[in-house]
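Coming up is one lone chain in structure tokens, specifically the form predicted on its own.
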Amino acid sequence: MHEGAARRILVHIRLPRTVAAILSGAALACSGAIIQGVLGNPLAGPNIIGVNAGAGFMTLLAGWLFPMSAGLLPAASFAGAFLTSLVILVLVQKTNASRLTVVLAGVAVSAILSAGTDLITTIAPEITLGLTAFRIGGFSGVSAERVYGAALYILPGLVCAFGMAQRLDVLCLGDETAQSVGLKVKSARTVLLLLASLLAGAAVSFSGLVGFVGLMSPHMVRRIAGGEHKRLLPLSMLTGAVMMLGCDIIARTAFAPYEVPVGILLSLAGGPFFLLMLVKGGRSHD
């Protein structure tokens, strides 16, 4: 292969795809760790409670209404993720919902948002030709423009998450304890949900609806490093990035010359993981 062609492939295809996998994995893992802490629910995750579905719906809606404004997609995705997170948080606070109820509510919200996505597809099929790939999730054909544009949201979000780690630890102690040490609980929850939504929304805007990284990564880290968020957040980001990059490499090479979407591999691994957590949670509850 000509050296110039090889360089173009590296710079314009391989490098953006690698960066996309690393950023997406880190962002979704950090988002999952924050959501689990804010809701006090180890079963929560961006895809489980509908955050990814909200981000995906708003991304497609923005692409339909503003087809020439690719720069709006991360912002629209963030808005969808945050609104979904807010709905779940209000449900938890108003009803004292159990962990399983939160998960079921997330499933219901995801179904509603998926119906909205189907409606857009029906009304404007010509602008959603890549919908199937987006729903499954993956990095095939991801553009440098979208990845580096989303990085402007993800990187500051990760830095801010580090800064909120101690407040998240205090918040996990319970509302009364957190208030007794001077933490403004409602403000802290809102800011943390904004961060989680920013990270998940920006990742979904270019990776599609990949799932389970935000659920699995924090649990893997907790078993080794404990639950203190000063360690949990950075290690979850690293674990999520490695997991996503590894799945992308397997997706590209295991079935060559065919490519399996990353979302399929993550679902095959994450589905049993989630079921195992449900079973263990049920036994503990009994």
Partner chain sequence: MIDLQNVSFSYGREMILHQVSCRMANGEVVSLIGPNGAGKSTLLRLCARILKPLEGSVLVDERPAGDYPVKAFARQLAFLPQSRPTPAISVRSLVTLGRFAHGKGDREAVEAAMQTVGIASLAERDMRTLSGGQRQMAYLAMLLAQESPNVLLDEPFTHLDISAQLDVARVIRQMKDAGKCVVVVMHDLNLLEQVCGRAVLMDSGRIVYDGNAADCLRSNALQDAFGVRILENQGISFAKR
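Given the structure is predicted, the values throughout are model-derived calculations rather than measurements. Positions refer to the first chain, counted from 1.
Keep in mind that the form predicted in complex with its partner chain is missing from the display, and what follows is about it.
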* Asked: So in the predicted complex, are 166, 172 and 183 all sitting within 4.5 Å of its partner chain, heavy atoms only?
  -> yes
* Contact segment among 241 to 249, 219 to 227, 54 to 62, 26 to 34, judged by heavy atoms lying within 4.5 Å of its partner chain in the predicted complex -> 219 to 227
* Any of the heavy atoms of residue 179 lying within 4.5 Å of its partner chain in the predicted complex? -> yes
